[in-house]
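Presented below, as structure tokens, is a lone chain in the form predicted alone.
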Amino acid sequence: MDNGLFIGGGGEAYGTPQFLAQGYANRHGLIAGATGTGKTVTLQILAEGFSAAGVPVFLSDVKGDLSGLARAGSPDHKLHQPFMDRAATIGFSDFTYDAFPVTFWDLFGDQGHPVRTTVAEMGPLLLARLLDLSEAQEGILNIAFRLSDEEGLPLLDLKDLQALLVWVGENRATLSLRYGNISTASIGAIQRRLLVIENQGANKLFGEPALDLADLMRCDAQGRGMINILASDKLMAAPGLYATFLLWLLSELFEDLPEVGDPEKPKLVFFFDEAHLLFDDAPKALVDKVEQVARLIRSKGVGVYFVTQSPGDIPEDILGQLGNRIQHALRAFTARDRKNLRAAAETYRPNPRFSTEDAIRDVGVGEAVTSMLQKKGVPGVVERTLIRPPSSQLGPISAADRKALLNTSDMAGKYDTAIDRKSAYEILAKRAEDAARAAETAELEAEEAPQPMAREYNTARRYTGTRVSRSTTRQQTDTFGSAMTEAVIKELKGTTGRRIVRGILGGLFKGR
């Protein structure tokens, strides 16, 4: 097929060669299979194919293996030796070893350029999912975001949200009349959850400079698409943070990119590895939004490919939108495994030459059953396919090579230094300081003013003047400023900000 990415093939046992048509690559896809069946190599060869076609790629490197995309493979490399004869077997006559343009990213800033977003851009729905909040706690979080907009208190990093929640707690009596009950217990629970994700590294995710999506959609001087690799081996220790960040990125792409209809090739291909983490225990509102994004983002020229162990990990409404499918082996050791195997086989257009269910169970490592969209977007007949060998290095590059690539990257220096602008934290601190200073000034003026005389009628029927005691002056002048000062002043400092407009997931509470 012209204008297609070669996936594999191989002789009579494997049927016709398989190509992924670039014109249908934005119709999304699925890479599934049990652990150790070859999903990572399949992801690698797809990334190579898209990059060579001038399509930028974003993928997460869960096991640390995909950094090898930055270096050419070699027949002498022990991991490449099993592939030496495969190119000839499947008719891959123009196979060569090659390196590809790579940019490394890392939420923690250790193995790649830092990646940040703001609390406001993340939005209350995704943040509530990340914090695993109850319905009541999520309601208070929505109130905080609404107040952020109405009071001009930008939420950029975690300390902004923590300070705003303190302010909400101090003013809960007044705010409850407008928004409903606000309990200190719920605020305390949210604060504890924020502390947990802060300890997991979320404090490095939230802040500025925020990621510019245009930096993910670059090509090199030769016109090859940039392969953006998110280091996720450490991030997987906080799976909620991992899934929430990738979903935020997907929603931002949906929100910001213009409509392009059906392009000749995608503007970006997004691989979501360990996709089951996105849907595990996800509330229906979130799943519905993922479905909406998946359904509509293809018109923005973005292809989304879910990588997971079983198709059953993906909700049916979303699975039905994944047109290009590469299914590696599924094992059937238990009743549940056999049920998943049958369900996976039923999603393919059958081939009269073999049983799809048997093929999915029997294919070996590096083999798969595949179905790619054909002319007019019709699913192709399922075929047994021997996946082509990768041109880039299998396995990770060295730490020295990674550091050298980071130092010479176009992104070097752009995101390395965090910026702490004036936002809710600083604005509330300034309000508290001003209120405390005003209260202190008023108290001093009251003490220095002439004191009134209280008249007493003594036994000699004469009036005498005595001064009224001022012992309760400090208690009478207790204000919002003093309360906020004691609760917040040790945590807050000073600067001015701007309002943040949230995206499709961030702005749900506004009815968008």
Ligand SMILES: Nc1ncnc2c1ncn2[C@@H]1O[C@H](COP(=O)(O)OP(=O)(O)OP(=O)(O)O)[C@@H](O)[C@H]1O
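Residue numbers run from 1 along the displayed sequence. This one's a predicted model, so the numbers in the text were calculated from it and none came from an experiment.
Unshown form predicted in complex with the named molecule; subsequent notes refer to it.
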321, 309, 340, 391: which sits within 4.5 Å of the named molecule in the predicted complex by any heavy atom?
-> 309
Between the options 326, 127, 387, 120, which residue brings a heavy atom to within 4.5 Å of the named molecule in the predicted complex?
-> 387
Options 198-206, 247-255, 420-428, 362-370; stretch whose heavy atom lies within 4.5 Å of the named molecule in the predicted complex = 362-370
With heavy atoms only and a cut-off of 4.5 Å, decide whether residue 38 touches the named molecule in the predicted complex.
-> yes
Residue 34: heavy atom within 4.5 Å of the named molecule in the predicted complex?
-> yes
Tell me, yes or no, whether residue 86 is in contact with the named molecule in the predicted complex, where a contact means a heavy atom of each within 4.5 Å.
-> yes
